[in-house]
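A lone chain, given as structure tokens: the form predicted alone.
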């Protein structure tokens, strides 16, 4: 009998699959998605746009139209932009190009788990530095670890997922100044924080900025993009798979970005609802919500978080439970929904 596991490399054997809840629910507040659908008028434009796609032909390998639209919006040359099949693929590209077997990857913890999972799958060694009080980046400890392990790549989520806060800007600039490796600043939640390191792209040749369209209403399209020095982009394109961005995603996201006003209104509504939801959670005894600059709120409960998660689930409300995480004991994360969804979530959790 063939033992399949004998063919699997050690690093992959040690991995656990990224778990995504697929629980049926009425109100889905677990995945940091935009809760608002596109308007009927914009959907008509999308339908008209995809009618012209020749699905028997390969897509534009450079995603030229989409890059042009993004380039105009972020005021960055197209040669400094790469489109990815979601940010996850771009993370994989970066680690493939700049990391070798056994090389170290440095990141704060807790943070987005895919940094570590992808690193391990590519035989790199992720090393985490625990966040301090109020989820702050402990600069001295971070720099000390950076000097000790000399990481090839450093990941910093800004704002951080799942804690929701933005680390001190000067601390991150100090990391950029001191490191000899690549620094990836993941600005997945930029549209909700409006904080960016884009102005430092020209002077910091080792800086890569990640962004995504998933959080602002296009999660189903799987479109991410990075911005970096032209030389970095040239190296990443060597390992980028051809036709990595499909024709449907390119066309639909281009149409939506060309009609950005609608998306901006939705972002404004989400930020407004975030503030209301934060105030509502603060008023509930036994709950400690943490400040957020994203489209979600992390909060701690004074009981077993699994109990709260299950009770909400019984009422048709799905959020994210981190109760088994060493750094997030009895913490849960709720995505900002529509006013009606947020009100029902608050009413239900009050009763618990």
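Numbering follows the first chain given and starts at 1. Note that the structure is a prediction, hence the values are computed from the model and not measured.
Not on display, but discussed next: the form predicted in complex with a small molecule.
Remark: residue 245 does not count among the residues lining the small molecule in the predicted bound form, judged by a heavy atom distance of 4.5 Å or less. In the predicted bound form, the small molecule stays beyond 4.5 Å of every heavy atom belonging to residue 274. Although the partner is absent here, residue 86 sits close enough that one of its heavy atoms falls within 4.5 Å of the small molecule in the predicted bound form. Using a 4.5 angstroms threshold between heavy atoms, residue 98 stays clear of the small molecule in the predicted bound form. Heavy atoms within 4.5 Å of the small molecule in the predicted bound form belong, among the stretches 123-131, 191-199, 86-94, 165-173, to residues of 86-94. Out of the listed residues 301, 70, 312, 32, 32 is the one that sits within 4.5 Å of the small molecule in the predicted bound form by at least one heavy atom.
Distance criterion of 4.5 Å from any heavy atom to the small molecule in the predicted bound form singles out 161 from the list 250, 266, 76, 161.
Contact check at 4.5 Å (heavy atoms) against the small molecule in the predicted bound form: none of 103, 142 and 179 pass.
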